[in-house]
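Following this are structure 1 and structure 2, which are two forms of one protein chain, each written alone as structure tokens.
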Structure 1
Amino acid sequence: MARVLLGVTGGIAAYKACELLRLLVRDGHDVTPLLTPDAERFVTAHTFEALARQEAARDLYPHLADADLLVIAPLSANTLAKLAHGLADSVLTQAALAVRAPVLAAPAMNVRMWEHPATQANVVLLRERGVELIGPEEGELAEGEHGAGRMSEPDAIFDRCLELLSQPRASTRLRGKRVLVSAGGTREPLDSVRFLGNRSSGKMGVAVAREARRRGAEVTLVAANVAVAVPAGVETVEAPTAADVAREVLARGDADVVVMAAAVADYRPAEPTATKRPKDTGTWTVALEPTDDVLAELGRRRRNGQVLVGFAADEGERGLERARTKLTNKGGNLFVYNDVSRTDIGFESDWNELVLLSAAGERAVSRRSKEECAVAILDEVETLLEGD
């Protein structure tokens, strides 16, 4: 029996949540209804309480946060926006911030509300934070219109709930560990407005930070111009240049696990100017000087029991060979190689394909989402921590 929180918001499809609740209860689960005040304008709390055989929650009492799953059906445009921005004005929105369990949500709304750029931007934010959306489906809408906005059918939501409940819960083996992750790509000033940068979006490092947080770690993210939202519960330190990354990472370099996923510049302009260089017809020759090798410095300082993970963004078989050399030269215990010459993985993509290199050997991680790659990396980190 799993502990399920059923969030219901104010929309026509609220009546369908009764059927979802019935399916979950019939399958033996302990379901606590969490209704927004507006949901009660559509279906009374009594209906849900009778079906759940327990009272709808009115306060976020602590045991709610320990649930195995939060499913929100229907999810209104209003609550979707609140969840994306972290508002906590009802027991449902409070629970959504507090639970560590997977969150599944079934949006239901008018097609124009669904397609509005504000809603779509909120959807992106929610997905980036790991909320899974089911639907909405295309079809006849309550107001007689046609389009995307219908809530998925209760049996489809129920099936997905069972799949999520059958997945092993994230391990909590990182609980009490301090994990430092760097992510993104540094920008090295040429003058006051121009910079030399790289295409790293920070998605891979942010996925590692999120997964480490999910496993109970205390996570700090040193963020070099990351283009994606930072996960809730992760302390973030902005570090736009290679020098900033070096300073912020080395200041926290005694963490139990350090994951250097940021694409830190190897070279920076030797003499950036403080003001904008005016345009002229001549060529502009820029001298580049090497930056400090943060990973090598972390390797020199690595203490017993500490796990140091380096990333090797390189190209082809020769790049993999260079990653093998780094493993022996840089003092890290795990190297993550990915081939940045490919366009279907790596920089800016939501996908990656890795080779994990450690003293124990090499493990290929086939093409999968960066979230799933983060799971593979942290599984390896946990094995290394246990080995020590």
Structure 2
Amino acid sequence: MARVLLGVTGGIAAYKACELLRLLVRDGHDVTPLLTPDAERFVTAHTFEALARQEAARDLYPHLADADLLVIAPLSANTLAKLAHGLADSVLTQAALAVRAPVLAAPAMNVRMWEHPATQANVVLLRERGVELIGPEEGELAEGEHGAGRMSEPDAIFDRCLELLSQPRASTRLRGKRVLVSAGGTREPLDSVRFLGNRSSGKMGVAVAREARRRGAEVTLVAANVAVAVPAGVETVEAPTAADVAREVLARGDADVVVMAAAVADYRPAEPTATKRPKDTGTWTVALEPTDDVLAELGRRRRNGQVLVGFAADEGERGLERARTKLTNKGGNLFVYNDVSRTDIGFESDWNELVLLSAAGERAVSRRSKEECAVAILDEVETLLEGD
């Protein structure tokens, strides 16, 4: 049985927290509800006391209670901002400052509030401090609008709670390890202003780098034209072309963990021009030559105890079969397959859905945010490190 602090903030999604509480109690956990004053405008504290099968805490310092997990569902924009800036004006925000256990939060708010730069900056701060966010999901919102802002469903939050509670209280598998991550999409010059590229934004690789840093690793990010901010505390090396990625990655390829999340071009123009080619009425025929296979070279160099993670961005079942072949041929420990034929995940999206392939078998990771996907990937990496 674990001790769980359940934070509930103001918002219509507060009623869903009742179901989350019921699931946790039914699973045998000791749950202490911590409601903000605004939360009680939607669901009374007595309701949560009844579901938790205990009265509200009567001691003077409920925020200092020892716990195995703090889960906040829903997390409003207001409380999210308070947590990001260390404010402590309620028992919940006080607990968030004092707790030494993992913190899982499920944001819920209007889509425009979620997308506001201030909210997104606060999200970055929380993630850098180790808070894990689940959701928000896309769908119809309480005000009738549609977009990202719905709280994740209680059973999904409950499942993640169980995963966090099953992990060691203070896992140190990545602490002090050197982790190398590539991210983004390469651009291969055609002339001085044009290039051949792809749609990768770098969001997935950056999320992996951020999560590895959160777990205590020394992280280097080889960034190929990433479209998102890089995490604080991560060394960043710019590598705009496939040749640049090959040079920078192979120079650091002795890292304990190498995650090749970048979409590296398979081909580049054989004869790029140094100046801009002016437009005319004729056709432009471009010969392409293959780029170096960096992942295969890393596989040939892989040493015992090193974890090498490759990404396979492909389409459908045939793409998954090709990913299985790559696992065999490239010399890596783990391959991450994602289906880029879909428009709701993958390139340029904040969401992904993965299949993790290793010698131990295959594990499907259902559609979730790329930050949550990064958690799943690095959980698998830690398992491989433990096995080695």
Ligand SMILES: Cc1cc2nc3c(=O)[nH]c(=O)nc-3n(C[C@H](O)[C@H](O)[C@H](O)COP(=O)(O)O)c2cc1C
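All residue numbers here follow the sequence of structure 1, with the first residue given the number 1. Rigid core here is just the name for the largest C-alpha set that superposes within 1.5 Å across the two forms. Everything numeric here is computed off the predicted structure, so don't read it as measured data.
Colleague: Look at both copies of the chain and name the one that is the form predicted in complex with this ligand.
Modeller: The chain shown as structure 1 is the form predicted in complex with this ligand.
Colleague: Please state whether Leu196 has a C-alpha shift of 2 Å or more between the two structures, with the rigid core used for the fit.
Modeller: For Leu196, whose C-alpha is compared between the two structures after core superposition, the shift is less than 2 Å.
Colleague: Look at Lys330 and decide if its Cα position differs by 2 Å or more between the two structures after superposing on the rigid core.
Modeller: No, the C-alpha position differs by under 2 Å between the two structures.
Colleague: Just checking, between the two structures and with the core aligned, does Val375 shift 2 Å or more at the CA?
Modeller: Result for Val375: no, shift under 2 Å.
Colleague: Keeping the rigid core fixed, work out how far the Cα of Ala88 travels between the two structures, to one decimal in Å.
Modeller: With the rigid core fitted, the alpha carbon of Ala88 is displaced 19.5 Å between the two structures.
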